[in-house]
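Next comes just one chain, in structure tokens: the form predicted on its own.
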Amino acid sequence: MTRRDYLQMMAATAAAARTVTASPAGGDADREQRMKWWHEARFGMFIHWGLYSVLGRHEWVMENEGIPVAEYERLAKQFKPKPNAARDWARLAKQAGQRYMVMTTKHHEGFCHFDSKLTNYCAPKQGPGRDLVKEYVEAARGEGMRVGFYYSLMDWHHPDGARCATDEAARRRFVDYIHGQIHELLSNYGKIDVLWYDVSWPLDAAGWESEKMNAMVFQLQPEIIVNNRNALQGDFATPEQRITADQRAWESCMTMNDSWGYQRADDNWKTPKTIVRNLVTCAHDTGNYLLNIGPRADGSIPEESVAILTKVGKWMAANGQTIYQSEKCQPNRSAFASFSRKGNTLYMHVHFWPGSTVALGGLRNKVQSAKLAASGKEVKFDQDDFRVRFTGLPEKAPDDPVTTLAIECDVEPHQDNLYVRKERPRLKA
């Protein structure tokens, strides 16, 4: 299965999930309370780490290069990360302004970072010689992060991982194995905040017994939230490598370069400005942004990831109030800015600084005050029926990588560009 096949499969899975009416066992009644912290957080860290990190050639290296299981298994003895590497991840997440973390406890390769009684293909019984999930949980909690577990249903290592689609006995064994490992994960590490399923290939919801799976999850962790990748709707949707608002809760997961796992040759890094813009775009439509790091085999974080997140963190330290707890935002049109909102305050995030005057057309509310969000410095403005102009600003953007204006309106801000097009006076012929 290629990466393109996988993305096409995920799109089909998401479409199928929308037709499933069953809710997680937690039900709709308590979903709002369970998800309150998550909606407020807006920004999280994804961690893809596994045996593929030893090779450093993408997290799909086992399948993309057709590596036999027996050959790939030998990586488990070579995988010897430094102690408590997750401490550095959690500190970086906190510094970056992220509020929760989601780590791959088992990726498609089948290797488990946790202590499993159901397989010897796990960290305590292989090269690491210890429970890496335990270290991650302790590190995340130590920095005040909410804790999430990623768990891949698809498994390239398990002998029944593919034949379960056509062999009922194999399906029974494999589903029991998967349910059993999820039970272990949610029983042995205290309170867990997020369960992030991935890749339901090759079974559907009935084959995975997904309703039973979710019922078990909520019995073990009543306050947890789950995503939609076990072929049920779950609590939130998961657009991947794109930002697509959903009618319900959603979280866009994205890489910082083109790879989820450590890929030593992948130098296509997003800039801090792009990361901030993506975060604002998610906040605009009340979505979350789950941004990935791919540690090396020893657990160290690539320097490029550290540099990017450090710069994003400096911006969040000064502007985080424009992102956390953001609300649905209607203004959305500008040639050089994007928007978020809290109450009657419109935050105009200027990505391409135009100079001493920043203008916004079509704002139909009265502006009462304006300031630079990071410094609190007052900004002068004038307003007519068609636009508001913020004047006396520096010729060069005062903040890096994005300068944000906090615009206080008399009521919830509303933009109407069509009004400008239709009603603005024009010269007569």
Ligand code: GLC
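Computed from a predicted structure; not experimentally measured. When you see a residue number, it is the position in the sequence shown, counting from 1.
From this point on, the text means the form predicted together with this ligand, which you will not see here.
**Q** Answer with one of Glu240, Asp258, Glu143, Glu184: the residue that has a non-hydrogen atom within 4.5 Å of this ligand in the predicted complex.
**A** Contact with this ligand in the predicted complex is made by Glu240 alone.
**Q** Could you tell me which one of Tyr100, Tyr289, Phe236, Trp196 places a heavy atom within 4.5 Å of this ligand in the predicted complex?
**A** It is Trp196.
**Q** Pick the stretch from 56-64, 34-42, 362-370, 384-392 whose residues have a heavy atom within 4.5 Å of this ligand in the predicted complex.
**A** The contacting stretch here is 56-64.
**Q** Taking heavy atoms only, is His108 within 4.5 angstroms of this ligand in the predicted complex?
**A** Because a heavy atom of His108 falls inside 4.5 Å of this ligand in the predicted complex, the answer is yes.
**Q** I'd like to check something about Tyr150: if you look in the predicted complex, is any of its heavy atoms closer than or equal to 4.5 Å to a heavy atom of this ligand?
**A** Yes.
**Q** Counting only non-hydrogen atoms and a 4.5 angstroms cut-off, does Val226 reach this ligand in the predicted complex?
**A** No, Val226 sits far enough from this ligand in the predicted complex that none of its heavy atoms falls within 4.5 Å.
**Q** Does this ligand get within 4.5 angstroms of any non-hydrogen atom of Ile323 in the predicted complex?
**A** Result no; Ile323 lies far from this ligand in the predicted complex.
**Q** Just give me the residues of 70-94, first to last, that have a heavy atom within 4.5 Å of this ligand in the predicted complex.
**A** Counting only heavy atoms within 4.5 Å of this ligand in the predicted complex, no residue of 70-94 makes contact.
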